[in-house]
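Form predicted alone, single chain, as structure tokens, below.
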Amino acid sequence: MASPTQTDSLEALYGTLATQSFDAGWNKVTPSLYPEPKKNYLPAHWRYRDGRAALERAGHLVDTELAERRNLIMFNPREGNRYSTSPTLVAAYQMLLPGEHARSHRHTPNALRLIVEGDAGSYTAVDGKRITMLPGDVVLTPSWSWHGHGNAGNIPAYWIDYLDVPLVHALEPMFFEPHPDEFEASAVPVESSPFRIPWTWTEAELQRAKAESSGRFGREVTLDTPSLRTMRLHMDAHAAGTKPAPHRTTATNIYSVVSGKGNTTIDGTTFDWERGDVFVAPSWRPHQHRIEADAVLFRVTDEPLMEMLGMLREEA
């Protein structure tokens, strides 16, 4: 192997550096520093009616013995990606048929779910406690909490999962462990839990809330989730016929439609949405809603992560 001191041309020097896992920073065509965020992730939208139909069919073809989870991952359509919804977060639709359970496990990533359909028989078991899941409820499974799902009800349960798996993959401290009993069948039913935010509570808080000052999020309630350090959860209520102020931020925002109808323009691309749909406004992509029918949007964002790193910037 030639030493850099023995090369007599730049081309020869570059060849030698490459064998030593060096690259000449002065020779980069595209600099690694940008005047503003590079827009790698794309605005994207997933329709609940499409996901629900696919999961309904999968219910006949994929059982919970075959799959750890019967879910549909919402991958961002950027080139080369088949997993992440955003650089730090991933969302997925999941379904559980009556009489089924999804095996218990625990992992480094934080997770949560917004319930879209189901009855009082559907539940998540979290660290030995059985938590009922009803439409509109938000259920948390913080990092390294045992959790599995069951459906003792009469109808299929559908929900939307959100996890910070892409962040953990990027940082690399990923650990996963299956439950030694396969499923927490002995989990004790509880009336209330810090891991469940009932829709009844959220709805009452939204009715009492006043419009927040920026004009972007309507009547907003921030859910109390101290166990989640990388995500912040908001419920935003908007009145029919309104057009909230535009928003651009370095944080990712994943929106899920709890109720209502409207459209959102994200960096020039407009998506029509309805109940159960999911759409993502990636970092530094300006976006603005237009509300056709009274709507509640569930907003999952990595704001706490950006704040902790001193990288949160927002503008209209």
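Quick note: we count residues from 1 along the sequence shown, nothing fancier. Source: prediction; values computed, not measured.
Separately, the form predicted together with a small molecule exists; it is not shown, and the next lines address it.
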item	value
Among the candidates H238, R232, R196, R113, the residue which, in the predicted complex, approaches the small molecule to within 4.5 Å (heavy atoms)	R113
Contacting member of D161, E184, D137, E220, with respect to the small molecule in the predicted complex [4.5 Å, heavy atom]	D161
Stretch from 147-155, 201-209, 115-123, 187-195 whose residues place a heavy atom within 4.5 Å of the small molecule in the predicted complex	147-155
4.5 Å heavy atom contact, R69 to the small molecule in the predicted complex	yes
is_contact(A92, the small molecule) in the predicted complex, heavy atom dist at most 4.5 Å	yes
Heavy atom of H105 within 4.5 Å of the small molecule in the predicted complex	yes
